[in-house]
Ligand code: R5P
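In the block that follows, a single chain appears as structure tokens, in the form predicted alone.
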Amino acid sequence: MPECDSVGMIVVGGSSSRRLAEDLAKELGVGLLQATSNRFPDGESYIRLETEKLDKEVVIVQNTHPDDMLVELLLLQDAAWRLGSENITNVIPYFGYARQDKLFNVGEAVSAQVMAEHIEMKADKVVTVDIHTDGVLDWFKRAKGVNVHATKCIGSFFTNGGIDLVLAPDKGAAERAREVAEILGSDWDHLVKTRLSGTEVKIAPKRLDVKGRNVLIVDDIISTGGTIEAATMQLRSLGAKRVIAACTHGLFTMGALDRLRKCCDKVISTNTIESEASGISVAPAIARAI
């Protein structure tokens, strides 16, 4: 069993984020330890860090989505603590349960608060990426919460890619489009929906013409992909030359990735949720925060 160097920092990769953990370790110039992860016959998680001790700063990279990944994160924290870790930083690329950050109806649980309270029991710092709302970090009372944005990583990826217009799917995401556009030196705008009749809706940029342009639609999350799919079809009808969809968190539920690939010229996400579409690494942004 190898013994980790007792000085400095080490990155521990959980099963949800092995590639990102590897990228982050390289970015930071530190060691990497990929956790052993298995399942017992009854479905419970088994986690092991195969080293003699961890008397240093440990950076655990692991999502809290879906539920079994949350359990794994808690077990990874405990394993690192029992090995003598002096300081634990949790990098949570995709923070599950962040959308329920307040009571919407009587009798509900505030899931974001529940997650924060349990995670910070053995965490000194928590780093998230494009979390649903920054206010979720306020639930961390003991651990320091830091949220980083993926816009620089997305913008850098498309540098020299011929993008001349960056679009947000709605007004609320316009700032994200603006930041990416500034990196690319391109125009930016956001999409608006105009109801033409009881059954017909037009989706188009608020200010700018898309005819003959290479368009990049950027969003924080693509889940079912319905909005991006509808927007892409409308943009093509308006004369867009190419339409590319990019996001931070690619959930791609209900066959969204296959459907989007049929209408978009390219669909790409960051590696906060690792899939065949996750071609942009957010390791540089996370490393700066650490």
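Throughout, we count residues from 1 along the sequence that is shown. Quick caveat: nothing in here was measured; it's all calculated off a predicted structure.
FYI, the form predicted together with ribose-5-phosphate isn't displayed, but the following is about it.
- In the predicted complex, ribose-5-phosphate stays beyond 4.5 Å of every heavy atom belonging to E72.
- Although the partner is absent here, T224 sits close enough that one of its heavy atoms falls within 4.5 Å of ribose-5-phosphate in the predicted complex.
- Although the partner is absent here, D219 lies within 4.5 Å of ribose-5-phosphate in the predicted complex, judged by heavy atoms.
- The stretch that touches ribose-5-phosphate in the predicted complex, counting heavy atoms within 4.5 Å, is 225-233, out of 38-46, 225-233, 23-31, 64-72.
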